[in-house]
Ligand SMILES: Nc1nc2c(c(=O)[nH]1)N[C@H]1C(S)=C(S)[C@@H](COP(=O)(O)O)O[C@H]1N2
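Just the one chain here, laid out as structure tokens, in the form predicted alone.
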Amino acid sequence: MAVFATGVGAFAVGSGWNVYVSVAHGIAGFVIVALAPWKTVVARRGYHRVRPGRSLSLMLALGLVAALLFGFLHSTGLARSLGAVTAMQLHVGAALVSLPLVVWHTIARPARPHRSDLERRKLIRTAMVTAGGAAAYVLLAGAERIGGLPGSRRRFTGSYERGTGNPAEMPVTQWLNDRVPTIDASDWTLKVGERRWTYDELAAFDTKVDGLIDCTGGWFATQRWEGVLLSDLLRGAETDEPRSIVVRSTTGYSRAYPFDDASKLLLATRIGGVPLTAGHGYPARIVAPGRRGFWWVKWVQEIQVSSRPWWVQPPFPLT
């Protein structure tokens, strides 16, 4: 569960303390590899017993092997994609498929705690395995640099640079089942509170932000975004008890942000001095520096101030 917990943390945040969570995630992965020989002996012994759930246990083993393999391929850069699917997506997908199987395995094959688990010998053994995982993590990072592998150039989140300063080369991605809509700016308006803004009114703003977008698909890019800060756009739209800013897309996708972040969030209409393309959020999108790509809502249709706390939402969008 430590691998899953650190993976969720690394997936969720793109700055600050996340670097330590990402390192912990890598170390935990090597700890699993170190424990694999011992666990294989136990699993082989149990596999020959005829009991319910044997096929599920085999599926769990295959899922964990896949998650480790694709995580290694992505982190080193040896294979960042397999056709239209990235190694990062396969890594995360295998982990998500394995999660319910891990829960089932924990319930069906409980490992009861014993007083001997806290014996000095076992604690030292655990510490040594963890230290070995950390050493393997450091050695791999060094090997990547010495060998000039692509992994040596990835960001601490695991993402690789794609299209910095050149928006045309930046990938077009969106969360889960979203599709790129076709929007006619002459018919489009943005609702903010009770007011509606036209595209031409918003395009007149020229606040510039050099923002790094870090997509959970495994890439990042730094671009110069132009538009209007939400703190300027929301003047007069506050409620009596503003706690969050809710941004909705024409696709139905939405995210809520802390109200105090209004001065850090940009509603962008241009990128690199030219209007956004449809794939990158035209006519307007959110730029949220320090947050992962799923916070950068595209094709924004409505922005509202809410008295509901921003954290009263799923940590990741469900659709």
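Since the structure is predicted, the reported quantities are computational estimates derived from the model, not experimental observations. Throughout, we count residues from 1 along the sequence that is shown.
What comes next is about the form predicted in complex with the named molecule, which does not appear here.
When contacts are defined as a non-hydrogen atom within 4.5 Å, none of 74, 151 and 157 contacts the named molecule in the model of the complex. Although the partner is absent here, residue 270 lies well away from the named molecule in the model of the complex, with no heavy atom inside 4.5 Å. In the model of the complex, at least one heavy atom of residue 170 sits within 4.5 Å of a heavy atom of the named molecule. The closest non-hydrogen atom of residue 213 lies within 4.5 Å of the named molecule in the model of the complex. Residue contact check for residue 299: one or more of its heavy atoms lie within 4.5 Å of the named molecule in the model of the complex.
Heavy atoms within 4.5 Å of the named molecule in the model of the complex are found in exactly one of 190-198, 244-252, 138-146, 101-109, that being 244-252. Between the options 279, 289, 275, 258, the residue in contact with the named molecule in the model of the complex by a heavy atom within 4.5 angstroms is 279.
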